[in-house]
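Consider the single chain below, provided in structure tokens and representing the form predicted alone.
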């Protein structure tokens, strides 16, 4: 149990950052997943029976934060969640995911009936062996690509993890029930927020470093009040997202489901605005490929779309106004 461990989630931060940095030099997705698995990151949430660490979700937060800051080109969040979800029902596939023996992703957009069809927004699906597709009855199926399913190209803002569509003919493969699917979605909201937190913090640090080093009219940019206001707003965004994640995972939170929704929606809004502000601090350079801040903005926008942030934002507001925050609060992340 986590309470018996002599380490904390923060202890994973340095390891995760080092592995993510190493992944940037890896030749392809299997090589990157192998590095992540060797460090134990793919199996953080998976049960011990599947070769995982069986840790709570808060231990995955600093890992995804490092992934966001380091432009990780791998479906790490999807792998961690799938390894945990299948841990109790299909030990073989859970073990393969946790140990890096197979690669998998999730098609976050769309749901299929019994006759199959096309779903979308599956990160890195072109290089994966399996993809989880959601079904109209609330369940999900992990289908093997090339065996009744094929990956199709799809335009994506996220250059590190380009999305793809998946055309499924026959829905065969390991299943997740409706409760497992609900838990997967709730956990993904927190981990997406953590990934956006890492991206936002890195964008802020890059903007601050540039403002200190860049001299205009005989003064560093950081000396100008307008730039200071930009940096202050970015810092506020970072701390707001960080505190929101902590609150949603706190055992004292009375409405964890509503908190997870609000955390994700808030991270999408704040992260995008902070990245745009960092781009503006860099001036014309902020829109070039020489400055990677726009890559954080692209990733944040892609994560927002994958999680359905626009529709979820309306749902969060409706629930707040109607006082329904405490519904469904038995769902654990």
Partner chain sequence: MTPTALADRPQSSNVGPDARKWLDANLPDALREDVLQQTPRTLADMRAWEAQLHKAGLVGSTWPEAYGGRGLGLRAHLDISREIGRTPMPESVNSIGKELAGPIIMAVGREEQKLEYLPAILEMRNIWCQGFSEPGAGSDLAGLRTRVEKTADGWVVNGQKIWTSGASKADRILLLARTGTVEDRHKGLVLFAVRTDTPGVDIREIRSIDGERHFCEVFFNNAVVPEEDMLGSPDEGWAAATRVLSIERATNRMHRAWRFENQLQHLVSACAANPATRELVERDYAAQLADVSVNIDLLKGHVETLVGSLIEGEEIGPRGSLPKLFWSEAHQSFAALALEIVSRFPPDMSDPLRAVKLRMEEIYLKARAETIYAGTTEIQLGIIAKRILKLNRKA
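Computed from a predicted structure; not experimentally measured. Numbering follows the first chain given and starts at 1.
One more form of this protein exists, namely the form predicted together with the partner chain; it is left out here, but the text below deals with it.
Only one segment in the set 95-103, 113-121, 161-169, 239-247 has any non-hydrogen atom within 4.5 angstroms of the partner chain in the model of the complex, and it is 239-247.
For the options 204, 72, 107, 82, the one in contact with the partner chain in the model of the complex, meaning a heavy atom within 4.5 Å, is 204.
Checking 91, 129, 150, 228 against the partner chain in the model of the complex, a heavy atom within 4.5 Å turns up for just one residue: 228.
Remark: all three candidate residues (232, 270 and 316) come within 4.5 Å of the partner chain in the model of the complex, counting heavy atoms only.
The partner chain is not shown here, but in the model of the complex it comes within 4.5 Å of a heavy atom of residue 262.
The partner chain in the model of the complex comes within 4.5 Å of no heavy atom belonging to residue 18. Within this chain, residue 10 is remote from the site of the partner chain in the model of the complex, having no heavy atom within 4.5 Å. Contact check for residue 266: a heavy atom falls within 4.5 Å of the partner chain in the model of the complex.
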